[in-house]
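Before any questions on binding or motion, here is one chain by itself as structure tokens, the form predicted on its own.
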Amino acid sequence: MPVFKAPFNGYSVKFSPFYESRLAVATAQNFGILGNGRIHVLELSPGAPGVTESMAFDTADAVYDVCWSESHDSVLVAAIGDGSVKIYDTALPPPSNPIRSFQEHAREVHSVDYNPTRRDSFLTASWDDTVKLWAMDRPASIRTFKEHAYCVYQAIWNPKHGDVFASASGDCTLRIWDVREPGSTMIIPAHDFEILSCDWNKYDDCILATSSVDKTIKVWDVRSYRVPLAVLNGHGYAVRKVKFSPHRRNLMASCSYDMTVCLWDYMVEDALVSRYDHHTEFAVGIDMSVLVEGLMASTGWDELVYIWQQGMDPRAS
């Protein structure tokens, strides 16, 4: 299976929604504590299992997350450690990039998510305790969402409702928002420890998952959120990222500071489907391809990006 070695520590990996062989990777020097960052654009080789770098963009600070535009096949949005949000066009050479840079967040930007239904806007979540809404053609953010009492680690759009998103915070709450409303529409005290990630189910727009420092993943139904639908135990340390499958309703992936990537079926009692232990440092980035069913990618602090098919060994050549 293809493996890419980056010069810096991996933080995030995202498949292109337009090209099945293209990925973007966000990386940071010195584990994201101090130093530069780099965004890699990778291409999977047709036929032979290989991966090549087609382009790279250097930044003066860590890159914590990256996402592809849902409307322009060559455009990327990056979340930067200096509080900036940068837009890159892979159709242009690196000296012509970034094509836009927004400097509004007061602290590190930790996540970015492009609206999959409206396709004209994106969200950023920051350690300054806020979420911001942006549009490509606007010179400044459209709105700032300020309710969380601590770092917001992720904000992610509902896959069916273009005005609804969820945010996961170190204040131990999951909040649901509607951009047409003045404040959050729902507050779920989902964990007793920091919530590091959240994601919406792609087939049921009322179901979300959260992952936490408490080593668990919880699945929630917003129609009755007093008790989680499922609690998934199996990681040995904090669960850094959780991601629902774009192809199978009950399937989700997670990655953890225990260096593993896990696949889960949250609807069955023995929920753990498979565990991959290919990383040798914290596993912090995970994605599942929308265009190729079963194709997964992960990255971690071991500076490696793995791309593999579910059920295969990521390390197999």
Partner chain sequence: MEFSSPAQRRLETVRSHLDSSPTDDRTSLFLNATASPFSNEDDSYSVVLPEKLDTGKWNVYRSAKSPMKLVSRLPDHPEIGTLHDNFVHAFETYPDNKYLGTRVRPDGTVGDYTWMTYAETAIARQAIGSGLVYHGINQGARVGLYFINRPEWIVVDHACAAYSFISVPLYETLGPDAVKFAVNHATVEAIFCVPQTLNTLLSFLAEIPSIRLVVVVGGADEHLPSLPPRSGVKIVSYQKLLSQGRSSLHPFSPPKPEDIATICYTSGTTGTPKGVVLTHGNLIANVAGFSLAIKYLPSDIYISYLPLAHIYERAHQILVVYGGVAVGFYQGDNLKLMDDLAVLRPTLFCSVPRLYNRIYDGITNAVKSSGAMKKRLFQVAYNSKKQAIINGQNSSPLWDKLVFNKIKEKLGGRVRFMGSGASPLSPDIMDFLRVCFGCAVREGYGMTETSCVISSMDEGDNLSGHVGSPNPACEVKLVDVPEMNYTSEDQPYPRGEICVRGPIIFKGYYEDEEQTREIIDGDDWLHTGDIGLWLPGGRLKIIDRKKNIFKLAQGEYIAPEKIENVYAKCKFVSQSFIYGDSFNSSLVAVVSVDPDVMKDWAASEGIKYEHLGQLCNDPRVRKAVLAEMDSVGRESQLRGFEFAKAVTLVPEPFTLENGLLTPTFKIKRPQGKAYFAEAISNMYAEIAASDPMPSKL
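Residue numbers count along the first chain shown, from 1. Bear in mind the structure is a predicted one, so any value in this text is a computation, not a measurement.
Separately, the form predicted together with the partner chain exists; it is not shown, and the next lines address it.
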Spell it out for me: taking the partner chain in the model of the complex, does every residue among Leu196, Tyr237 and Met259 have a heavy atom no farther than 4.5 Å from it?
yes
Is Tyr225 near the partner chain? Define near as a heavy atom within 4.5 Å, in the model of the complex.
no
Find out whether any non-hydrogen atom of Asn250 is located within 4.5 angstroms of the partner chain in the model of the complex, and reply yes or no.
no
So in the model of the complex, is the partner chain close enough to Gly32 to count as touching (4.5 Å, heavy atoms)?
yes
Is Trp127 close to the partner chain in the model of the complex, meaning a heavy atom pair under 4.5 Å apart or at it?
yes
Considering the partner chain in the model of the complex, which of Ile87, Ile176, Val213, Val179 comes within 4.5 Å of it through any heavy atom?
Val213
Residue within 4.5 Å of the partner chain in the model of the complex by heavy atom, from Cys67, Ala62, Leu42, Ile39, is Ala62
Heavy atoms within 4.5 Å of the partner chain in the model of the complex: which stretch among 76-84, 96-104, 180-188, 155-163?
76-84
Even though the chain is shown alone, can you say which residues of 262-289 have a heavy atom within 4.5 Å of the partner chain in the model of the complex?
Glu281, Phe282
